[in-house]
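Single chain ahead, written as structure tokens, the form predicted alone.
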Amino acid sequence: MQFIKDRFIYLFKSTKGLILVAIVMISIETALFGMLSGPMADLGVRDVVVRALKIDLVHAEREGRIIILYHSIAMAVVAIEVYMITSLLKMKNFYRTVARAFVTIGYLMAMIFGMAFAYWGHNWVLHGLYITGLSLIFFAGVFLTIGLWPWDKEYHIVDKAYAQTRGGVDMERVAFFTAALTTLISSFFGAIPASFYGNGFETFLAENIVRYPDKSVMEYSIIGHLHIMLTLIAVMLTLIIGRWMDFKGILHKIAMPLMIVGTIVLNLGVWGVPTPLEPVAHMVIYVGATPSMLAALGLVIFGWDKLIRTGVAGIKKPTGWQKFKALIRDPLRFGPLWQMVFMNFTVSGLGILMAVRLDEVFRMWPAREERVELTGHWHVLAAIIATIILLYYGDMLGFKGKLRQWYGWGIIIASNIAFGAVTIFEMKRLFISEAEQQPLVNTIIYLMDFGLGMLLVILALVMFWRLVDLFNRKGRWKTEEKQELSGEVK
């Protein structure tokens, strides 16, 4: 009994334990339901899994199943960010504890009961529990937002190296607070349409209606909700990485106001999508995206400069090659910043290109090609966010030596191969005709499958190692628990 109690305390009280549980849940769900995908169906795997697990697949309900699947994974990612924020920022213990408890219970309920409802018949009690889980996550966000209130004098700062107001208000904390508050507000753009189920509103996938000449207010609301929630997850992760890397100096003082303004304007633009202001809302979104991306660029410049300076500290006149080796010496520090840069080639840059040349180029494509681009766009952004979290988690676990190198570079290289291949697949119609595409498509699919497969293998090995460690009475988990508890006391 004590064996179970000790592990339970570690898994559901310590930051590393809570993140571990969330990653395991995401991994299990991704691996299991990934077997129902199109490529797995072509290999005959889906039919075997469906029969073995007695999964109820009705084609007409596909959109609903996918929406619940996405929400289940997204809520676990949100939970991971809550754990990171509450461990990195000073906060009253009440708000920290309640936010963690609510978000943990909430995402587990949403994931377990939501997937049971979607894939094993439709017991509406399970759906009610799924909605309850989502509601608990919302209230976790309320407590987190209150706990992040930056104008409390207890959280004022005096170190002039960090962005602050004349009164000492921490601008970075204001950025966290702004992101948390706008996330709560933006969640209503999904919740309100969902409340109209059975009263004229039906589930749909945004990429399926992109070319409809007329869209309802509810459809616009869902499209806006999809875009802003994923964006806010990325914004919050950028702030987390900045806090982890001790972002400061002149770039920090420029970046934090930009991030605050960018987050607010982005949200205002998205909130305008389901209103009569929709024709100008997208322009507002572009205006908001620019300062947010500049803030992220400031973090990348600061982080890479810091890595180079640290790596060549003992060299009087370092060469360019020595600076480059210093930059890439630590993949777990270099990786998150590189992934932010790589994101511009695979997500942000393509999104801007598509918006600018939408009518002249992309609307001339067959609808299926535009749908492929949109689907890949959202999935790559979500997957890059996942890789950044995994790189940060590896540093949290204290990986060193060859393990640190293999883990870090494995994630970076595998993900870049996969996401680069996806990007080529999305944009292939720009440089190759449909009649000549098959050899290219075959190669892209192989690269994509290889990259994603290697990512899953790396993740599976780490999860297996952590599982084995939990059965060790004096394992790494015990040391981590003692370190965190002693840190809390301090």
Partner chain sequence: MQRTVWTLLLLAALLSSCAPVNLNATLPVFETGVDPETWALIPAGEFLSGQFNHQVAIDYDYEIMITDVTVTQYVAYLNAALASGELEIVDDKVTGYYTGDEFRGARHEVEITAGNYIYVPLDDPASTFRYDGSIFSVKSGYENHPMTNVSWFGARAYCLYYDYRLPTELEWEKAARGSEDGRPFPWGDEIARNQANFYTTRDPFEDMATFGSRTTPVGFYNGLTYDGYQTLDGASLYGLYDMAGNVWQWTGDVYERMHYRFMRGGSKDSYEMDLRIWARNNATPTYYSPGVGFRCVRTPLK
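Values in this document were obtained by computation on a predicted structure and should not be read as measured data. Residue numbers count along the first chain shown, from 1.
Beyond what is shown, the protein has a form predicted together with the partner chain; the following relates to that form.
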When the contact criterion is heavy atoms within 4.5 Å, does T203 count as touching the partner chain in the predicted bound form?
yes
With the cut-off set at 4.5 Å between non-hydrogen atoms, does P213 touch the partner chain in the predicted bound form?
yes
Are any of the heavy atoms in K306 no more than 4.5 Å from a heavy atom of the partner chain in the predicted bound form?
no
Does any heavy atom of E63 come within 4.5 Å of a heavy atom of the partner chain in the predicted bound form?
yes
Please determine, with the chain shown alone, which of 161-169, 249-257, 352-360, 333-341 has non-hydrogen atoms within 4.5 Å of the partner chain in the predicted bound form.
352-360
The partner chain in the predicted bound form has a heavy atom of only one listed residue within 4.5 Å, and of R371, R96, R404, R243 that residue is R371
Heavy atom within 4.5 Å of the partner chain in the predicted bound form, from candidates L461, L43, L53, I28, belongs to L43
Which residues from 423-439 come close to the partner chain in the predicted bound form, meaning a heavy atom within 4.5 Å?
E434, A435, E436, Q438, P439
